[in-house]
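Quick heads-up: it's one chain on its own, the form predicted alone, in C-alpha cells.
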C-alpha cells in the first residue's frame, strides 16, 4: 500500500474548509493537524462542515503542531498578500515542511517582490523542501493553461485569456472583494486603496512571459465597476440599480513595444454567459472555451490537493506552475 501523505491545514476559512472537505475524502491523504486563529480547540471536521469529526483539534500554535505531527506538507490558505503571510511561510520552512499555498502574490513573485522571493527560495533550499502557490486563477486558467497550449505551436505572437464569472453563487468574502453592492463613489475609493482588485493578473503575465522566454517591458492594469442595470440579489447581497454588481479588470503585458499578453477578468452578480477562454495568435492559431466557466472555489481546492504529490516529489526551492508537470486528479474512490 502506498504511504499516505500527511498534511497540516494552515488556515480554516472558507477556502481552507473546502480543502479539508476534499482532502479528508482522499484515501492517500491523512490530515494530521490544523492551524488557525479562530475555533481553537474545536474539531477540524466540525469547523469544515463534515458530517463526522476528524479527531484533529485546531491550534493557534504553528510550531507546536508542526513539531508534533511532522507532516509531509502544509496546505496554506491564509491570505493573498505575500508580505503578510511570510512569517507563516518562514515557520513552516524552518520546520522542514513542504508548502502548497493559495497566496496569489506567491504564484509568481519574482517581478514585483524579487527580494522576498529570493529569501523564500533560499529558506526552502536550505531546509530541503518545496514551495508552490497555485489555484484556479492564478495557477491555471490564465497562466498554466495558456502555457501548456503553446506546446503545440511553432511560434506565438500573442496570448489572450478571458474569465467571465457569475459571482451569484460565490461565497460572501468573494462578493465583497469584487465590490458587489457598493455605490460607485465607494467602489472607486476602495479601488484606489487597493481593497477591490483581483490579485494575480500581473503574476500570471509574469509567469507566461517567463515561460515563453519573452522579455517583459511593463505591465498595465485597469479596473472599473460592472454596473447593475436593475436591482439584483445574491444569497448574501442586494445590488441596487446603478450600483456596482462586480468588477471588470484587464491587464496587459508589453513585449517588444507591443501588447503581447492580455488578461481580461470580469466577476459580477448576474453575469449572463460566464465562460473561460484562451486565444493564441500563433502557428497554428488556437482557441479554447469552457462554456459556463470553471467554479472558482471547487477548482482552487482541487488544485491545492492535486498538486501535493508533485510538490513532494519536486526539487527544493520556490517553484511556480510553469516549473511543475501537470497535476492530475488525486486518486479517490474507484469509479465502480
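Please read these numbers as outputs of a predicted model, since none were measured by experiment. Numbering follows the first chain given and starts at 1.
The discussion below concerns the form predicted together with a further copy of the same chain, not included here.
> Each of 26, 213 and 258 having a non-hydrogen atom within 4.5 Å of a further copy of the same chain in the predicted bound form: is that the case here?
Yes: 26, 213 and 258 each sit within 4.5 Å of a further copy of the same chain in the predicted bound form.
> Might residue 30 be said to contact a further copy of the same chain in the predicted bound form, defining contact as any heavy atom within 4.5 Å?
Result no; residue 30 lies far from a further copy of the same chain in the predicted bound form.
> May I ask you to check whether residue 145 falls inside a 4.5 Å heavy atom distance of a further copy of the same chain in the predicted bound form?
Heavy-atom contact with a further copy of the same chain at 4.5 Å: present for residue 145.
> Residue-level contact is defined here as any heavy atom of the residue lying within 4.5 Å of a further copy of the same chain in the predicted bound form; does residue 69 satisfy this criterion?
No, residue 69 sits far enough from a further copy of the same chain in the predicted bound form that none of its heavy atoms falls within 4.5 Å.
> Using the partner position in the predicted bound form, report whether residue 326 sits within 4.5 Å of a further copy of the same chain, counting heavy atoms only.
Yes, residue 326 lies within 4.5 Å of a further copy of the same chain in the predicted bound form.
> 157, 126, 233, 176: which sits within 4.5 Å of a further copy of the same chain in the predicted bound form by any heavy atom?
For this set of options, the contacting one is 157.
> Between 41, 55, 49, 284, only one gets a heavy atom within 4.5 angstroms of a further copy of the same chain in the predicted bound form; which residue is that?
Answer to the contact question: 284.
> Heavy atoms within 4.5 Å of a further copy of the same chain in the predicted bound form: which stretch in 90-98, 162-170, 225-233, 148-156 meets that?
Every other range fails; the passing one is 148-156.
> Just give me the residues of 180-207, first to last, that have a heavy atom within 4.5 Å of a further copy of the same chain in the predicted bound form.
The stretch 180-207, when checked against a further copy of the same chain in the predicted bound form, contributes no residue at the 4.5 Å heavy-atom cut-off.
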